[in-house]
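Presented below, as structure tokens, is a lone chain in the form predicted alone.
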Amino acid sequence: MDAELINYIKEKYPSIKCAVATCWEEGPKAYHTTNNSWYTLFDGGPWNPWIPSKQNTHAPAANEAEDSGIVAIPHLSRDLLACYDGNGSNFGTHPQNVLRGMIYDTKTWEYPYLYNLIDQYRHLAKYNNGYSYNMMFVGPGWLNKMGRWEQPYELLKKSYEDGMRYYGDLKKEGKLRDLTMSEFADFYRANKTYTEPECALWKDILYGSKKQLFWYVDPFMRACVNMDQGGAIVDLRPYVAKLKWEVGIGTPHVQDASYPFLIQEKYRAGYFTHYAGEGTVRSAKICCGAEEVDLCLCRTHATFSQEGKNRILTLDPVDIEFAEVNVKLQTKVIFPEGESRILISREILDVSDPEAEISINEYMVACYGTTEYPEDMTSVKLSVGDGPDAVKIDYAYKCREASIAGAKVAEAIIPPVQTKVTLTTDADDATSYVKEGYAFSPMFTLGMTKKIRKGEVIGTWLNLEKAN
């Protein structure tokens, strides 16, 4: 449902407290894996309950004035890694999802993955002040004998009964509360604040890869950090813009209800591209002389902590080997609650040659859109530096660059999504830069470079603002 529909329903039927508003990541990936027949796209929203804003269903309300009056819940609880990498219809707490994904023993008709998925959602209480949520929301239509579904009726029935039994046993053990939608809406409003984020440090429970993703959502952004790419940000949605995005017949978006991204590795390549040009990602390059290594190539793992209003992701150190110098570097990604910005901190823990010249190139490659297909970038405005010395580039696909030594800000304004994004630093000796893309690489780059020695820390802020 778009915001206009939710607002209308709440006005006409004020007793309504809760609604199934979207389903997590049912965008182009779902469309492609349903024989190109899933004609309504819902991509870029929260995976757990939220209070939708009056302006946009996906973007949570930041305060009472933005509150649409309901609590929104997603249809199903999806695997936040397998669903992101692949088709969501195969990886969720709908038993038929698990059967459709062939994630069961065909001889014994057992499906431990379903129980592991439920348990991983229970584990999210560790990152959300003791709160976790999970649902199995399905209609009875797939429990029929008409042969429409991929598995025999007996297996369909068994999977549903086993799934419900698992929830029932948890309830008997005092590990679960079952609530109606209205009851849950009351619980949610009594236990959550507007700006409190939803956090999920999610691990692979299906393929044994040890891969981790960290998901963060609040009223100002949704972001995904990929530990398989050294802590790179691989998905970023600027909720701070609270885009008015009507959906349906007679609107500018007949089918596409997705919230636009600035970074999206699945639709805009990410770090790993097949040819010249760059995909969207927020990462860093460690440089020594003429050599450079992108942290996207450094797999690692992370732990979560909370200090006051800060949610902190601390990555295990990575070892970077140059021809003659080895560097040990640690990254922290910090999300201050309610501030619409992300701090990325890098520290050089050790260098085999203390006299070696090491520098860090912090960068963000971005664009905007809701699908794999590029949008018109000519309205994008880039600038580096502040005041009269700032250098500006109006995007024209000419592959231009600009840099200023000592500048502390690189900026892009993206009018189609009403967003201003900046990279900033407190360092006095950084060089900030911007890059314009070209037709084969229709992105823009914000970045800054700085020399760094053992024991030093460089912090770089990614800031999001609404731009009218």
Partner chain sequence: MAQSGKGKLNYRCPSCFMRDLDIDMFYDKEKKEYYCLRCQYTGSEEDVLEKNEMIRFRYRKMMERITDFD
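Please read all numbers here as calculations on a predicted model, not as lab measurements. Numbering follows the first chain given and starts at 1.
The discussion below concerns the form predicted together with its partner chain, not included here.
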Can you pick out, from A190, A290, I249, M102, the residue that has a heavy atom within 4.5 Å of its partner chain in the predicted bound form?
M102
Considering its partner chain in the predicted bound form, which of T300, N134, T314, Q151 comes within 4.5 Å of it through any heavy atom?
Q151
Just one stretch in 205 to 213, 279 to 287, 357 to 365, 317 to 325 has heavy atoms within 4.5 Å of its partner chain in the predicted bound form, so which one is it?
205 to 213
Any of the heavy atoms of H32 lying within 4.5 Å of its partner chain in the predicted bound form?
yes
Whether G338 contacts its partner chain in the predicted bound form should be assessed with a 4.5 Å heavy atom distance threshold; does it?
no
Under a 4.5 Å heavy atom criterion, is N116 part of the interface with its partner chain in the predicted bound form?
yes
Looking in the predicted bound form, any heavy atom of G168 within 4.5 Å of its partner chain?
no
Does any residue in 326 to 351 get within 4.5 Å of its partner chain in the predicted bound form, counting heavy atoms only, and if so which ones?
none
